[in-house]
Structures are given as structure tokens and as C-alpha cells.
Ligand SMILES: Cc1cc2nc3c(=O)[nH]c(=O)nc-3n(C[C@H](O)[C@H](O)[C@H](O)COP(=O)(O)OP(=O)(O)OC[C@H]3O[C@@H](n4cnc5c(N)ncnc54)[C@H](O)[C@@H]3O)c2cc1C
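A lone chain, given as C-alpha cells: the form predicted alone.
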């Protein structure tokens, strides 16, 4: 006899019992979990979202369960497109809440590989919004679904399986809100959206399955974030600037205007070259970046809080698709499958792509095929994983396998970055791949590759608009010299 587990949605009690058929449990109430709940609700399942944190309808601040929530997050154009598919009008909703929106290349400054990309319109709309604001907007839309229930302040202790351990039939939970004893929550489907702290590897051991092999690329990333009040014209009308690390200087930063008439700045460094958290050291670190945009902006502004640090030792990919045995009824998603270096800003978009795959994968009756699902998520992860691994391994000292493919593509991308400083078409081509709108293969098209390989010849020619305030003569002359070398 399965015990009853009464789970609260705000002040409403929802009784859960029976064999769990027609019910899905999503473990984790972050972006991946919310998007999973949204698509599972389409299957007319009763969806329960469990999370360690407590969150009410008006909760919009950082959560303990999202330690990166205080830091900058990138909603890539592809991720925004998917959110708009799942929640019609959410872009307008975020803009109405004060989040700036614009084109990735026309309204922001990209500095990659030590080069400032040429400015042009790329047809890549994005929104600059804090993680708490974005998550609150999505959660509010999911709460409107009649068949989704939230159960906050729940610890999930383990899986419930059939006697042969071939199928997951639910989870064991402990509700901290009222100090109740351990209870069993049955379900026909369990989605692991716990992020990089996923307990699925441990749970697999508990039911006699081998955990997945993990691939790691160790970058020893550390970053620190602070909020500022800055003049709107501090970047000449742009609402964001990104500086990526280089092999010579493995540090960078992002400055962006967000809702609430605030600016958020996250400074980062790889290989233990981490930004300090004392106010003076924080600004000095910004001054040390290759381009002066961030440092100048901070010295012109008013800090609203102190720097907060975060560490990210390594990108980790769990190879679930290579396991010989995996229980049916359990579907890992998002960072539970692959946790990517956050400076590339791809995590939320990967979670959104996984949600679209989940929409296609789960049958009308909640049926699923675990092996098929694991292969699908692996294919989605392949592209961002290769991009992140290639970018990180271009930095000497980052630990990971430098295959011939990684070295060859790294050299090509370095030349592309340099050429994109002078060629708006190449800047658009790379931005579209970075935004996960186009596949990486687009950068290897003959017409694109020819422009990259001939960039040294074009470097000697005058650059139209070189004196434009958005490009800056100092930066243009510098990249011309670098390309010509």
C-alpha cells in the first residue's frame, strides 16, 4: 500500500496516492524544471514540481538552490525563440518589466579572441534580464496551467522502483516545511532537473546500476558580480559588452543593463586567476581587461552592492547514453546531463532545447523510452559541448583532451575572430553560431572559410567607418595590426 503524500501549492493541499499513472514528477524548480513542466502539461499529465527552496507567487529574488542566480545570465537568441514558442508574449512581458531588448551585434559589443567584432544588424534579438526576474516570469506562466502543482521545501531522498529495478515508479520525499516523515510519491514519469548537483548517479548505484562516465574539462573558473547604477549612455547607447578570455590573458567580463534601471557586471578569470571581492580590487581587475569599456564604466558609476564570488571548477558531461542499463521512467534534463562553462551563456538555451525534445518524446499517455531519450539529449549537447571545450582548450593550462579536431578548429576560430573585427559578414556568421541559431558547420562553408583565410589581405585595406564611435579607431587599428602579423 502506497502512503499518501499531501503536497502544497501555496495554501492548497493536493493529495497524491495510487500507482502514479497519469502523473509526472519534475525534481527541480529552476529553468529546466519549469520548461519540462510546461511541455509535460500538454500531455494532460498531472505534473508535480518539487524543489528544495521555498517559493511563493511573489518570490522573485535569488534562490539558494540557484547559486549562480546572483550572477549574469545570458538568454541567447535561440533560447529566447524557444521561450516565445512555449510562452507566447514572454519577450514583451520581460521588456515591460524593464529588461532591455535588442540585436546581439547592433546593440552590444562583442570582444572575442582579443578582437572587437564589427558592428552590424544580425537579426538576433535577445533580452538582457536577471536570472531571478526571468525565472519568476516563467514560473508565473507555469503556475497558470491547471494541471501543474508546485511543492516547495521538499528534499528528494531517492527513487522508488519496481521489484526488478527496471522501472522508476516515483520518489521518496521529505517535506521540511512541516517536519513530516519520509513519504513515497508515486509517478509514471520522473524528470531529473536538479542541475549539476543531480543525484541521479548516486541513485543509480542505489538500485544496482552503474553511474555514467563523466567527461571533464577543468578550467578552474572563478567570477565575481556586482550591481551598479550607471548613466544610460555609458556605453555610447549600447546596453551590453562582453570580453572573452584569450590565451595571453585568461580573464574577461560582461557588463549589461538589466531591469530596474540597474547594470550587472560579472568579471571572471580562468586557471585560478580569479577577480578579487574587495571593491577596489574588483575595479582594478576590470581595468586590467584587454579593452577599457568595463573599467571606464564602473569608475563612472555608483555601486549598489558588494562583489559576490562564485567558483566553477570544470565543465562536466555525463555520458548516460553509453550506459548498458538505465531504468525506464527516469529522464535527466539540462545541467543534470551536461554542465557547461557559464561564460559561454549556453546553459539555459540547452535546457530549452531539451524541453522541446521532451515535448516530442513523451507520448500522450506519458510513455517514454529512456534509451531513446538519452540519445536525444546527447545529440543536443554535442554542439555546445564541442564549442565550449574548443574555447576552453584554446587556453594553455586548461585540462582536457586536445585532439587533432580541437587543435584544428581552435586555430580556425582564432583566425575567424580576428577577421570578424573587419568583416561584418563574418561577425554575423559567428554570432549566429554562438547564439545557437545556426549550426557550427555554417562557419565551414566554402564562402565563409575563404573570407577567413583571405582576411590578411583585407586587413591592409581601409576599413569603412573606422572612426565610428561604436567601433573606435584605436580598436580598429589594433586588430588590423594583429591580423596582418
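Treat the numbers as computed from the prediction; the structure is a model and nothing was measured. Positions refer to the first chain, counted from 1.
Keep in mind that the form predicted together with this ligand is not shown, yet the notes after this line are about it.
Of the stretches 94-102, 396-404, 340-348, 111-119, only 340-348 has residues with a heavy atom within 4.5 Å of this ligand in the model of the complex. Residue-level contacts in the model of the complex: of 283, 168, 355, 74, one residue has a heavy atom within 4.5 Å of this ligand, and it is 74. Proximity to this ligand in the model of the complex, defined as a heavy atom within 4.5 Å, singles out one entry of 43, 52, 432, 451, which is 52.
Contact here is defined as any heavy atom lying within 4.5 Å of this ligand in the model of the complex, and by that definition each of 131, 195 and 223 is a contact residue. The closest heavy atom approach of residue 314 to this ligand in the model of the complex falls outside 4.5 Å. Using a 4.5 Å cutoff between non-hydrogen atoms, residue 287 does not count as a contact of this ligand in the model of the complex. Shown alone here, residue 199 lies within 4.5 Å of this ligand in the model of the complex, counting heavy atoms only. With a 4.5 Å cutoff on heavy atoms, residue 326 does not count as touching this ligand in the model of the complex; it lies far away.
Contacts between 140-172 and this ligand, taken as any heavy atom within 4.5 Å in the model of the complex, involve 154, 155, 156.
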